[in-house]
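The chain below stands alone and is given as structure tokens, in the form predicted on its own.
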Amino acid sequence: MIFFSIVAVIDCGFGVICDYLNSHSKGGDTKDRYYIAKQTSEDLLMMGSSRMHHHYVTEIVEDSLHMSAYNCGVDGNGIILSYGYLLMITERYKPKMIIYDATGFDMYEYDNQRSLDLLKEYYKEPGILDILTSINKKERIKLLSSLYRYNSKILPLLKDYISSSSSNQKGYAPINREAQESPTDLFVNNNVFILDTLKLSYVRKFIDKCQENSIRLIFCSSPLYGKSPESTYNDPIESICQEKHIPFLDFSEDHEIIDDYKNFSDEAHLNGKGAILFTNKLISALKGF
């Protein structure tokens, strides 16, 4: 009994310390992600994966649309994490508009554990535990432990608490390198993409939540190297958008951008030059609505 009591006290104390570090971080990914979950107040939010994070230049969007904006893209994640953020955001306020960049992280089978890892510290927030248990039913028990919630995060938490360094520009993080040669075509090997019904259910929930809160929602697909007119890569998202009457702006085959590999840093990501070119094209399209 003494041993288990000591373990419980240590676990509880660890959680209190990590919660404090998370909410008082001075820089890095910790500060950026906490800001998205708990502090945004901008009129326009841009959400999605690394392609949102690195493709949508926040300052151009703000200056052109005359709205405060923040880029909420998170590398290696998609609709499940974004829906969790949306739940926390709408508890605080209602953004006027959300632009969502659709990728395979929103449609196809891929490691959903990534989303779980970034939402665990918010499991007490309304609706978050339901998301976590939809990925893994055992999370309800595991999350009782603070050591589990912050497993492998303590060093990044300490680093971001001490250091205020960040390369982000209102959430946007430019990639300042240019592909040295034509990147590998993502679609050349006839990759098989297996639909993830859980992800698609969260696409619907995301849309429904925006509509419930009168948030104007626009889905986009930013330029993707090697995308051909025959590709059905975006079809699942486009079908849901048509069903729900949500605009879908597809720039994935914009030849002014994709025909020059020097606009890319790799096969999946634009560099800073390509991001500026794309964002200006996006603004022109948005002004048509």
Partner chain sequence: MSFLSFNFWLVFPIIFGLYWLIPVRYNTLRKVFLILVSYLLYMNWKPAFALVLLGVTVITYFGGYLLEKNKKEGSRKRIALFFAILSLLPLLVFKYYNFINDSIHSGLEHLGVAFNLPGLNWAIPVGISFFSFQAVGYLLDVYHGKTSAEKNIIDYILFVSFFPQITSGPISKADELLPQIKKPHTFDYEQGKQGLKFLVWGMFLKIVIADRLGLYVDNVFPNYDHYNSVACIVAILFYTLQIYTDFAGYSYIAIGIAGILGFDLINNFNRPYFAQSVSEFWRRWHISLTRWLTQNIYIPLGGSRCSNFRCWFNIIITFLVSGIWHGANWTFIIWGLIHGFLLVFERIAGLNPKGKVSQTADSKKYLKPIRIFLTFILVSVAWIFFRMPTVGDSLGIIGHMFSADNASTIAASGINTTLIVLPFLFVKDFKDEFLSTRLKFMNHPAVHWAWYVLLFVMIIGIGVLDKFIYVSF
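Source: prediction; values computed, not measured. Residue numbers count along the first chain shown, from 1.
In what follows, reference is made to the form predicted together with the partner chain, a form of this protein that is not presented.
Report task. Quick one: from 122, 85, 172, 150, grab the residue that has a heavy atom within 4.5 Å of the partner chain in the model of the complex. Result -> Partner contact (heavy atom, 4.5 Å) among the options: 150.
Requested in this report: Heavy atom within 4.5 Å of the partner chain in the model of the complex: which of 114, 209, 142, 216 fits that? Just give me the one.
Outcome: That would be 142.
Query raised in the report: Counting only non-hydrogen atoms, which stretch in 134-142, 98-106, 69-77, 196-204 is within 4.5 Å of the partner chain in the model of the complex?
Result: This holds for exactly one stretch, 134-142.
Report task. Considering only heavy atoms, tell me if residue 10 and the partner chain come within 4.5 Å of each other in the model of the complex. Result -> Because a heavy atom of residue 10 falls inside 4.5 Å of the partner chain in the model of the complex, the answer is yes.
Query raised in the report: Is residue 162 one of the residues lying within 4.5 Å of the partner chain in the model of the complex, judged by heavy atom distances?
Result: Output for residue 162 is no: heavy atoms all beyond 4.5 Å of the partner chain.
Query raised in the report: According to a 4.5 angstroms non-hydrogen atom cut-off, is residue 6 in contact with the partner chain in the model of the complex?
Result: Flag for residue 6 set to yes.
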